[in-house]
Each structure stands twice: as structure tokens, then as C-alpha cells.
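One chain is shown next in C-alpha cells, namely the form predicted on its own.
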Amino acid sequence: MPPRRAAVPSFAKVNLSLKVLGKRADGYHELRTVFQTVGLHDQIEFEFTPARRGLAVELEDALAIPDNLVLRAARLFCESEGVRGRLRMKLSKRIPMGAGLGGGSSNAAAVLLALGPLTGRCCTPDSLHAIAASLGSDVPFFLYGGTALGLGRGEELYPLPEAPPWNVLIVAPPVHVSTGEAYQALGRPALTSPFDSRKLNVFQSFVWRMEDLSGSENDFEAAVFALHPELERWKRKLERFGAHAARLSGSGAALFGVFPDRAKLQGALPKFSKEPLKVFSTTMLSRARYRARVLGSLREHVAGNTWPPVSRYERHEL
């Protein structure tokens, strides 16, 4: 049987707002966040050859990322669904690593979305979500895309009305902010009941009037900026040159500015040309566009426009 091939995009995210309420009994922190996919993306090439027995999974990764989530996601899916055959993957990275843009989580979700159609397995949405959540708190969001409310560790998700297709300038410095370091600097105490009502009121207010992003906040900013003051300078520079909102994404170190139109973003671009930054010009990606891009990349292997993508292959073809 000939191999089945596809090249699937793996999109980045930003956090339009992020509140950290406190540390939970299980060691994680209770979050309230608004996730948003953007057009910046990696790409994963797949080649799957079905077989009657055995499983071989390979990954070509020029960066040799330790404990790569692409491999972990592929093995978990194949073991869960009883996949047999040879799976070869090639990861081409463009999303900066360790920047708060969700690159690794997005890679894992792209694998989970692609393998059903390629292998002829029909994994239920609940099963996909469970596998995704076991890989990382942000992974489930990338099964859906668009604009979404994230609760708990971020894995409890609810769709929100789509943000406008605003223009976004992402600046990623050569600074690595570990998530653990960021939480430690934040210094949140253990959660008590009820939750901090002031924080929740501020967050609710933002969710109800996201049209201009004026109420967006990221609780990590003060702590992370104290550790890396240059990040605050770049945030202020985004605002000074036309961004109507600029924020740290996740726990950083990437920053993003939202611009009201393409002309203002293009005017800001040269201002960062001499800075030690990776700079990306992109747009916010709605749920419909996100899904269309993924489905389009798998068109040869899917049946209809169902989401998550459904394979046109039958298991008995083997």
C-alpha cells in the first residue's frame, strides 16, 4: 500500500488576557485566560505507510528538541488507537521556542489532528482532548483554535465570539523565561475560597468588551519585567509606534502588539530592525480559518468538513 502524505500547519497563539488566581492543591495554578490563534506557524510533514503488524515512529527535527512533543503525541495516539505501520515526520520550526507562543503544544495538537485521517482511525473528540491534556495544559486549545476562554490550568475551554482579524506584530527576544521561574517570581499564595473577586471582576469585564482590548492584562508582566527590564522597554515601544494594545504572551518572553490597520503595523516594523529580536508580522486567525487551513492540508485524506477531521480510509483496508 502506498504511503499517505500531508504537510500540516501548526499555528501559534497569544494570550489576549491572563489572570493567575493562585496555587492549587495539586501544585498547578488556577488560571483565567483568553487564547487566540495567530497566523504564524510551524509545519509538520507526515508520511504514513499502513502495515498489518508493528509500529515505527520517526521524527526529523533539525533543532533536535529534547523530549519533543511531536514524538510523544504520535506515540500516544498510535498506542491508544492500535495503529500499525511506519510513521515518518519532519518538523520545520518557525515559532520561537520557550516564548509563550505555544509552539510545542501546537505541534502536539497538529499531530493528533492529522493522525486520525492518515491512519484511518476515528478518535472521538473526548479521547483527543484527553490525550492532548495529558501532553500539556495548552495542547487542548490547539484542537479547536480561534478565540477561547481557558479555565483551570487552561485545559478547560469554552468558545468565545471571534476577535476581529486584527494585525499583530510579534517580537521574540533571545531571552528564555522558564514557566517555573515566572510562577516563582509571581509569588501567588495557595488558593483559598472564594477566589480573588477583584481579579475575577477585572477579567470578566475584559471578556465582555474585547472589541478594543483596552482591558487586557497579563499578571506575569510585572514579575517577568522585573527579571528582564528590556521586555518592558519593547512593550512600550510597540505602544509608542501604534499598537492599541501590547502584551506579554503567556509567561513570555515574546511580546505582541495589536494594530488597528496594516499601514500602522508596516510603519512600526522598521523601528525594530536594529533590535536583537525575531519579528513576525501576522494576523489573528479565527476558528473557521484555523480549521479550514488544517482541513485543507489534509484534504486528500479526509471525508467532508467534519471537525475534528475524519478519515476517508476504512480500518479494514489493511
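Computed from a prediction, not measured in an experiment: that's the story for all the values here. From 1 onward, residues are counted along the sequence shown.
Form predicted in complex with a small molecule: not shown, discussed below.
**Item:** Contact residue in the predicted complex, chosen from 234, 206, 183, 144 - any heavy atom within 4.5 Å of the small molecule
**Value:** In short, 183.
**Prompt:** Tell me, which of 277, 57, 31, 65 has a heavy atom within 4.5 angstroms of the small molecule in the predicted complex?
**Reply:** Comparing distances to the small molecule in the predicted complex, the residue within 4.5 Å is 31.
**Segment that reaches the small molecule in the predicted complex - one of 22 to 30, 35 to 43, 280 to 288, 253 to 261, heavy atoms within 4.5 Å** = Stretch 22 to 30 is the one.
**Prompt:** Is residue 137 close to the small molecule in the predicted complex, meaning a heavy atom pair under 4.5 Å apart or at it?
**Reply:** Yes, residue 137 sits close enough to the small molecule in the predicted complex that at least one of its heavy atoms falls within 4.5 Å.
**Asked** With the partner left out of view, is residue 93 within 4.5 angstroms of the small molecule in the predicted complex by any non-hydrogen atom?
**Response** Answer no; every heavy atom of residue 93 is more than 4.5 Å from the small molecule in the predicted complex.
**Message:** Using a 4.5 angstroms cut-off on non-hydrogen atoms, would residue 179 count as touching the small molecule in the predicted complex?
**Reply:** Output for residue 179 is yes: heavy atoms within 4.5 Å of the small molecule.
**Request:** Find out whether any non-hydrogen atom of residue 153 is located within 4.5 angstroms of the small molecule in the predicted complex, and reply yes or no.
**Result:** It does: once the small molecule is placed as it appears in the predicted complex, residue 153 has a heavy atom within 4.5 Å of it.
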